[in-house]
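Shown next as structure tokens: one chain only, the form predicted alone.
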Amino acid sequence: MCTSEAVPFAKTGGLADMAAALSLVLAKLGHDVRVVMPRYYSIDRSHLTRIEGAMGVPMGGMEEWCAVYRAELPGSPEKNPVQVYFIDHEIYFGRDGVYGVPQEPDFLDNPRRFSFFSRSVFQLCRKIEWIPDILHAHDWPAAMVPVFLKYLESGAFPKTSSVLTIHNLGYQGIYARDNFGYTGLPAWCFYEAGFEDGAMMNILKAGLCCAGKLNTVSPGYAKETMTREQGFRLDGVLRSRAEDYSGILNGIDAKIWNPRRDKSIPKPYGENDMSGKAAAKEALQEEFGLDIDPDVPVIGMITRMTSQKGIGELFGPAYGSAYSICRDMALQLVILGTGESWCEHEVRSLSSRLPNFRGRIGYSEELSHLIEAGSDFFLMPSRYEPCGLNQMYSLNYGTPPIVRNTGGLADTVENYDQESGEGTGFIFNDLTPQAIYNTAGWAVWAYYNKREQIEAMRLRGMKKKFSWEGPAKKYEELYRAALAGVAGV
């Protein structure tokens, strides 16, 4: 697993959860899985074991030197622990932030940082004398791994194949072309390997062209990314590789996100006793300073405040629907998140102006669990959603999601039918303020008028299984298909 982040060591999004969870399940299935990632400043070296000797990495006519540390991935099976290797390069990774900091959201030297990281993967394999069958790269920061394998390392790794997973096609690693020389690849590779993007260098595009197999984190998103509307200008590349491209829905860690044993909520609960959900709702209302009322529906939201998450349509000043939802409907709305400064400001403003709206800027794992458990509905009006985890958490916690019909949301939520009462959530198609308003109103109407159906919907969602065992089996199939494409295997 070649990844820029993995829990519990570094996390900015769902990639970190997936890289760790998939590694653990594959290890439990008997595979020898190793994870390699950068050692960022936030990862304390005193908790790691240093591998003796420095490691040289050839880059652009020179050699970069780094150290390597090691630790076991927490939760590993005793008989087959997952080893995590950390590439320690002080200039590139000894700083705050994974990809950037608030003052510089995208570090200027990111193409060099992650080109170096990707090449270091091969040197690490030599150093620990371990040649993998599969190099599984994640997103653009590791997309150079399949490129290096194809053009520089195939002689030393003749039976190794590569898989590249897209977690979010909106982030591609597009930088100035003059960064290409640092990779050490021949000049002609800029075109042949697929880096060319107008006058720029596109790292993800090259990875998509070179990897043995490609996948993304839900079947729905795989289909969407091959369209012009959702393909972020790479839809043509993905269509050209359609036979090698698939979608595998992420799982969730049911040990952590499980209301039956969750220690972050006042009282555990399950299908046979839902009293703990009522206790969580009361605690949530108290935590956010809302009127404590068991009869009013609470809509929860945990999000990154970015365009992808539909924040413009929900919180845009003078046109977003959040204000009118709270003004017109007998409900309470709570949100936790960080992101674009204008949205943070608007959330603070609405919190001061509306008695039934409360926002908290920041992130808290414990509070996230309370919102999932204590809310009656969970809102995800995403512009696009490769997989989404919160809608699966919500279903597990008996909290019907209100979602847009896109990507992994469409793959996991079944639309409510008020005639039969079937379904697990509420789905809308168009991302507009009016559509969000109408669908929230639909959920609130059902809460007050079809309460028995809502209670049945809760239980139906809690019976859904989103474990990693099924996805891990599909990754095994993907790895076998990738190996079948390697000469001599």
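Don't overthink the numbering: it's just position in the shown sequence, from 1. A quick note: this is a predicted structure, and the numbers were derived from the prediction, not measured.
The discussion below concerns the form predicted together with a small molecule, not included here.
The stretch that touches the small molecule in the model of the complex, counting heavy atoms within 4.5 Å, is 378-386, out of 378-386, 395-403, 235-243, 276-284. When the small molecule is considered in the model of the complex, Ile311 lies well away from it, no heavy atom lying within 4.5 Å. With a 4.5 Å cutoff on heavy atoms, Arg304 counts as touching the small molecule in the model of the complex.
In the model of the complex, no heavy atom of Ala20 sits within 4.5 Å of the small molecule.
Contact annotation: Pro471 falls outside 4.5 Å of the small molecule in the model of the complex, judged by heavy atom distances. Of the candidates Ala142, Leu214, Cys343, Val217, Val217 is the one whose heavy atoms come within 4.5 Å of the small molecule in the model of the complex; the others do not. A heavy atom within 4.5 Å of the small molecule in the model of the complex is found for one listed residue only; from Asn250, Asn110, Gln123, Ser161, this is Asn250.
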